[in-house]
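Presented below, as structure tokens, is a lone chain in the form predicted on its own.
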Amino acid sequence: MTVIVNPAGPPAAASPETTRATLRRNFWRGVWRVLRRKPSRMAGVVIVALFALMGVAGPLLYPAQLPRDDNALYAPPSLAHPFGTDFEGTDVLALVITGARYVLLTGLATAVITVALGTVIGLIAGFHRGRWDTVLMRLTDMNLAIPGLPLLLVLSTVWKFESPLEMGLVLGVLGWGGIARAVRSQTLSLRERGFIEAARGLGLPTRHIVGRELLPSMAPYIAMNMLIAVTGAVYAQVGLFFLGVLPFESNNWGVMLNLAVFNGGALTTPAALPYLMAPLIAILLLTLGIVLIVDAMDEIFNPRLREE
């Protein structure tokens, strides 16, 4: 038998930086493969990117006070006004674009606060169990039992909600209970897995086990909940403005819906119908984009779906 000896010696082990870079490249290649597999998922990414661009750059395209045309009240859709005009002769498309920033910022702030509070409380309760679990879950039950709409009615008498961050803060503080419950259940399941037991056996500190072992395993679940929380926040704030619960201190899609229905009579007269449909189409498209991205994320982070 002939033995071949490599004169250069055994191959050198890859450095941690090289290994991490390879993992990152493989991950993004997998993401690209999943997106290409279904064009609808790519469409979802494009839709959400367009709305993000609308929220960031949209208000910069128009003056702070949108121009009005007293001779074109409730004008029908045309090349100059693709969605017509409102009761003041203002272009409805401009209102949708400039109103997107408040809606998107509120949705993002709500999702971040909701997911951060829910994840921290659910992780601590599920990992430590015992007294921590009891106290935190009773706190979660209290959060779930808070009547959101009556509380917002009371708050709206003293709080104008001029900033989307203020609105997001209130909705986020009121809405973390469901995610805390779900994260606790996931944590209770994961803490009995072998890799967590091995980490405990090695004597690793709790901070390392939760931050390096438990949290990365739950990251896909948390990311998907964050996207879903954005849609919930959009529905909540638009619904509150539509009902007139909150004062109209800023332009957003909920205010447009309220004015179209209660001032313009969009449900009884066709003249104001484009004014009503424009924000509804925007909400529908945004929700569709997020749902398509969640579908892609489900396959990216679920090995069983990838194998199929």
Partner chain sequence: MTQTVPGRHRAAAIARKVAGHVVRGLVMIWAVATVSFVIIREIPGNPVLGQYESLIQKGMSPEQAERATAVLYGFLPTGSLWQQYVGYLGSLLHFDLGRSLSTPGVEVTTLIGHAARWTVLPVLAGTLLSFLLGVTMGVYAAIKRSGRLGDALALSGSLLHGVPIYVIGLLLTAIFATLWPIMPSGGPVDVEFVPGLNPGYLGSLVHHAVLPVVTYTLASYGGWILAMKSNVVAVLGDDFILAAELRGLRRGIVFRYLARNAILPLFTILALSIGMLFGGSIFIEQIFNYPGLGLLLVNSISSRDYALMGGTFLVITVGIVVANIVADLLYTVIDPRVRSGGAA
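Fair warning: this is a prediction, and the values are worked out from it, not measured in the lab. Positions refer to the first chain, counted from 1. Rigid core: the largest C-alpha set superposing within 1.5 Å between the two forms.
Unshown form predicted together with the partner chain; subsequent notes refer to it.
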**Prompt:** Of the residues Ala198, Val135, Ala219, Leu149, which one places a heavy atom within 4.5 Å of the partner chain in the model of the complex?
**Reply:** Leu149
**Fill in**
in the model of the complex, the residue from Ala52, Met42, Val34, Leu276 with a non-hydrogen atom within 4.5 Å of the partner chain is Leu276
**Item:** in the model of the complex, segment of 152-160, 110-118, 80-88, 172-180 with a heavy atom within 4.5 Å of the partner chain
**Value:** 152-160
**Request:** Answer yes if any heavy atom of Met142 is within 4.5 Å of a heavy atom of the partner chain in the model of the complex; otherwise answer no.
**Result:** yes
**Prompt:** Any of the heavy atoms of Phe262 lying within 4.5 Å of the partner chain in the model of the complex?
**Reply:** yes
**Prompt:** How about Ile300: is it within 4.5 Å of the partner chain in the model of the complex, going by heavy atoms?
**Reply:** no
**Message:** Just checking whether Leu23 would be counted as a contact of the partner chain in the model of the complex - the rule being heavy atoms within 4.5 angstroms.
**Reply:** no
**Asked** Is every one of Pro59, Arg212 and Leu215 in contact with the partner chain in the model of the complex, taking contact as a heavy atom within 4.5 Å?
**Response** no
**the partner chain in the model of the complex - contacting residues of 280-296, heavy atom within 4.5 Å** = Leu280, Ile283, Leu284, Thr287, Leu288, Val291, Leu292
**Message:** After superposing the rigid core, is the C-alpha displacement of Tyr74 2 Å or more between the shown form and the other one?
**Reply:** no
**Message:** Would Ala219 count as moving between the shown form and the other one, using a Cα shift of 2 angstroms or more after superposing the core as the test?
**Reply:** no
**Request:** Spell out whether the Cα of Phe161 moves at least 2 Å between the shown form and the other one when the two forms are superposed on their rigid core.
**Result:** yes
